[in-house]
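Single chain ahead, written as structure tokens, the form predicted on its own.
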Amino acid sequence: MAEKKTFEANVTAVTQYRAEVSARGVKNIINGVRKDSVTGKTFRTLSPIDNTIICEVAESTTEDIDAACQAAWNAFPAWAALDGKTRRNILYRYADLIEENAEKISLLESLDTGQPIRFMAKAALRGAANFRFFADRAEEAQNGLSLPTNDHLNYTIRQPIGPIGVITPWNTPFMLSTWKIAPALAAGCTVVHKPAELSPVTAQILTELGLEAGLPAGVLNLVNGYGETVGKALTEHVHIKAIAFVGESSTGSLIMQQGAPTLKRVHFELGGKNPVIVFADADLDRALDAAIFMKYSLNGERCTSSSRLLVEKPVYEEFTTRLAERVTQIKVGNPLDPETEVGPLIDTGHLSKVQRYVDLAVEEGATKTSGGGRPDGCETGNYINPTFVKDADPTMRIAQEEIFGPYLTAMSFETDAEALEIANSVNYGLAAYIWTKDVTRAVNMAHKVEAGMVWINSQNVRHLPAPFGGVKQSGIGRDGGDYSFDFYMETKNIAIAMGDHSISKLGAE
């Protein structure tokens, strides 16, 4: 796989793939046909490595969205009626094709997002695993419950809700797209996919592989463009029955407003300001490794990153001193280099945002131990040194707002109650990480912390059947296993009388 190759071999391979993408461009794929936008307009996607142009991308309009939604609407009855075994076989083939193209996908994802190849190669394979996982559930997706009473047999079935709008982010776009699209297809829904305009390259590959795997025309459609135009049109379209969105909390709020007139169901995976709580009795070596990994991997551009470090006072200085030293040793560089641990941020605007928080830490009175500025040897591109700030107050902006970069903020606490108060003091509630050898304390904290997911003595280790999602401004709904089908399907109850039960008579003598 790509992550085992040398830097030079990766550069050689990505140069070839980049030339192919540049020549073809990124088009829309509507009703099985790859095409330009209605107007023919395009925009450019840039590589964060050096901000050079990768290719031209179709800049779509509401007309393009309407065509894609109509295609999904027309394809829905036949796809929904298809037996689960046939859908399963198509999704298995889909997964095989993703694996066969994993190197190309991972290298282009690194080029388009700046994410290190050491993580992107695994992301492509996780995408294939998502399709296999939900393929295995396609046959039983309609299964419900038997709910008998004395005089009626009640049973439930699940039926696909209809065409789905999927809007995905720029940070790990391929894997997150499969996380939404695979269960939708397994459930019997059709899809209109709007990828993030900052990283659209691999979405085209994903859609083309679906057609090659045997998806009928119109079952999976791709429309590129900007959120304020085509994203808005998708969320408002009458043919779209639900929106699955991954991105910023403020955008999720807009989508709810836009979908309200058509009463759209929504599933949101939004922002996070996740705490990692380290007690004095924890295995500090393992907690240190996990805290660093969960903040600085994927360039810190991940919703589940442990962006707030809460450390019990007796070990606070020791732990933060060790962590600060480790942060300075993180290897920043070209994401195509297998040795790189942190690559460039997605674009210049996001780089400026993260840098502003570096400056803000000093203004607010926290202690910046490292970070900010451009790393040595990275003269071009959107690079920033991994940042670690300690001695923050929980009310500071750096402790409250989502920064979404390689930036960790540390605070101390004295009691369990104080740790819990700090952990719950933000508007977000996606994930929490608790490190302690005291089982009772761990369970009590896990029950009281305001988060949709809690890991105890562990980093984020995903189990595909388990629910994934947040509370408060971190999201609505759950992905994973059978929880995904709760969103993509409607539950219908059917009651059958078992005999001549009593029926009230009106108007009878």
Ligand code: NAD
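Since we're looking at a predicted model, the values are computed, not measured. Start at 1 with the first residue shown and count on from there.
There is also a form predicted together with ligand NAD; it is not shown, and the following applies to it.
J.: Let me know the one among 91, 290, 167, 222 whose heavy atoms come within 4.5 Å of ligand NAD in the model of the complex, would you?
T.: Looking at 91, 290, 167, 222 one by one, just 167 meets the 4.5 Å heavy-atom criterion.
J.: Sort through 432, 196, 240, 98 and report the residue having a heavy atom within 4.5 Å of ligand NAD in the model of the complex.
T.: For this set of options, the contacting one is 196.
J.: Please tell me whether any heavy atom belonging to residue 232 falls inside 4.5 Å of a heavy atom of ligand NAD, as the geometry stands in the model of the complex.
T.: Within the cut-off, so yes.
J.: So, residue 254 and ligand NAD: in the model of the complex, are they within 4.5 Å at any heavy atom pair?
T.: Result yes; residue 254 sits at the interface with ligand NAD in the model of the complex.
J.: I'd like to know if residue 112 sits close to ligand NAD in the model of the complex, meaning any non-hydrogen atom pair within 4.5 angstroms.
T.: Looking in the model of the complex, residue contacts with ligand NAD do not include residue 112, since no heavy atom lies within 4.5 Å.
J.: Just to confirm, residue 139 within 4.5 Å of ligand NAD in the model of the complex by heavy atoms?
T.: Answer no; every heavy atom of residue 139 is more than 4.5 Å from ligand NAD in the model of the complex.
J.: Exactly one stretch in 316 to 324, 270 to 278, 409 to 417, 212 to 220 has heavy atoms within 4.5 Å of ligand NAD in the model of the complex; which is it?
T.: Result for this chain: 270 to 278.
J.: If you check in the model of the complex, do 227, 246 and 258 all have a non-hydrogen atom within 4.5 Å of ligand NAD?
T.: Every residue of the candidate spot has a heavy atom within 4.5 Å of ligand NAD in the model of the complex.
J.: So which bits of 289 to 320 sit within 4.5 Å of ligand NAD in the model of the complex, heavy atoms only?
T.: The stretch 289 to 320, when checked against ligand NAD in the model of the complex, contributes only 303 at the 4.5 Å heavy-atom cut-off.
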